[in-house]
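What follows is a single chain, given as structure tokens, in the form predicted alone.
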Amino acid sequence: MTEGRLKGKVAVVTGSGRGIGRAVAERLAQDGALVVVNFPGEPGEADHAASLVEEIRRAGGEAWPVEADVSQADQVARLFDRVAADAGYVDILVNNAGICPFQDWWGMTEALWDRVAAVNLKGTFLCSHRASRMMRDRGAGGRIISLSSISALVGGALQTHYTPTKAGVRSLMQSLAIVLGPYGITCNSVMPGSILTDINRAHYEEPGLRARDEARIPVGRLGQPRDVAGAVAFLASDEAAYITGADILVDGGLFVNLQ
């Protein structure tokens, strides 16, 4: 029984209104954490965040929403200033916010490249920088968990802008593990494989694609956001206190079956 193992902890989950981030926020709240539900200021996102906060509260947990585009330093500063003012501290940061608008190489624009890099990699840097300072100054350690991807290890014809950012997120966690370990702050990455979310739902509606990918996954199915949430919850817990600079593949065995 894991319920309550994060009681008294404050967790910030970026981009948590939908998809993997939503499942992570739900799981951390179930385990007892007060969860700050971050969402970007795009149409509909506030509604997603509000519904998540309502679900968590209805289940007896604690959560509140904060709008911030993680690629913007001033908005990230306001996010963590709000956390400091209302919660007092942060124990767990989950860098989940990310985008992957599929695009072929020949149609790639500088603007799209910059936007994906800004949200996925720069956003992880900005949030980790602010959260780690709060953790260091409090002196009680902490957890930084970043959503990388199986795409950090393999290429993708429609992801030439995305895969470098996820490799960068993984590398950043490895370096921060060295920097922040002396302060009791662990830094790890979780690397989802083929997880069914809003990012790829339309892709899998194309005839034959879902069946093709499921046939390559040893466990025989696409992943669900809750599969990733379990790995994040473990890394956030005391059980993972001696794990840092590590990667956890959550892919149903896809990576080892790619030959």
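Note that residue numbering begins at 1 and tracks the sequence as displayed. As the structure is a computational prediction, the values presented were derived from the model and not from experiment.
Heads up, the form predicted in complex with ligand RM4 isn't pictured, but that's what we're talking about next.
Contact check for Gly61: every heavy atom lies farther than 4.5 Å from ligand RM4 in the predicted complex. Among residues of the shown chain, Ser149 is one whose heavy atoms approach ligand RM4 to within 4.5 Å in the predicted complex. Of the heavy atoms in Pro65, none are within 4.5 Å of ligand RM4 in the predicted complex. Interface membership of Gln159, defined by any non-hydrogen atom within 4.5 Å of ligand RM4 in the predicted complex, is confirmed. The contact residue chosen from Tyr89, Phe102, Trp113, Tyr183 relative to ligand RM4 in the predicted complex is Phe102, the criterion being a non-hydrogen atom within 4.5 angstroms. Scanning Val219, Ile199, Leu209, Ala46 against ligand RM4 in the predicted complex with a 4.5 Å heavy atom cut-off leaves one residue, Ile199. Comment: 149 to 157 is the region of 149 to 157, 115 to 123, 129 to 137, 167 to 175 lying near ligand RM4 in the predicted complex, near meaning a non-hydrogen atom within 4.5 Å.
In sequence order, Gly193, Ser194, Ile199, Asn200, Tyr204 are the residues of 193 to 215 having a heavy atom within 4.5 Å of ligand RM4 in the predicted complex; the partner itself is omitted from this view.
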